[in-house]
Ligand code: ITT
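A single chain comes next, written as C-alpha cells; it is the form predicted on its own.
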C-alpha cells in the first residue's frame, strides 16, 4: 500500500483525506513526525504555500509528501479572506472569530451578491522536488448566519451550489464527496495510480 505523509497537524484535514482515499493509501500526518518544523506560509497564493510546505517536509523524510493550502474566496470581498482564511480575524483567531468577522464584513450585502468558493491547491513532493500540483474548488454562497454543527472553519456559513444546506448541515459523507479538498484529492489519487 502506498504511503503518504500529509504536511499538516490539522486532524480535520487528515480525517477528510483518509475518508476520501478509502483505505487505498496508508496516510500519516505530522503528528507522527513531532520534530518536523512549522513551515511559515509566506506565499501569496495557495499554490505557493502548498509548495513551501511540501518541499520543506519532503527534504526531511523519505516519504511522498502531500501539502495543501486552502481557503474561502468571497467575491464581494475581492477574494478575501483567501490565503488568510485561517487567520482572518487575527493570528490566533479560532473558527468562531473568523466566521463572525466574515459576517460583519458582509453586513448589508444581499444574498445574490454573497457568492464565494472554497479553493484548495495540493502539492506532492519527494526529496525536495515538486512532482505535481493539483487544484479543486467548489462554488457556493455565504449565509447571513451560521447553520449546522458539523465540519469546521467556514462550513456553517457556506452553502455549496445545488444544495440548500450548509457544509456543516450536510455532514461529512456529502461534504467529502463534493468539497474543494475532495476534488483536488481525486486528481492526486488518479495521478498516484498512474505513477504505479
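Residue numbers count along the first chain shown, from 1. Everything quoted here is computed from the prediction, not taken from an experiment.
Only in words, not in the display: the form predicted together with the ligand, which the text now covers.
Position in contact with the ligand when the complex is considered in the predicted complex, options 41, 169, 144, 133, heavy atoms within 4.5 Å: It is 41.
Joint contact, 21, 187 and 191 to the ligand in the predicted complex, by non-hydrogen atom at 4.5 Å: The answer is no; none of 21, 187 and 191 reaches the ligand.
Contact label in the predicted complex: residue 5 to the ligand, heavy atom within 4.5 Å: Residue 5: no, not in contact with the ligand in the predicted complex.
Residue 86, heavy atom within 4.5 angstroms of the ligand in the predicted complex: Residue 86 belongs to the contact set for the ligand.
Heavy atom of residue 152 within 4.5 Å of the ligand in the predicted complex: Output for residue 152 is yes: heavy atoms within 4.5 Å of the ligand.
Exercise: residue 63 in contact with the ligand in the predicted complex, heavy atom 4.5 Å: Contact check for residue 63: no, nothing within 4.5 Å of the ligand in the predicted complex.
Interface residues of 64-80 toward the ligand, as seen in the predicted complex [heavy atoms, 4.5 Å]: 68, 69, 70, 71, in sequence order.
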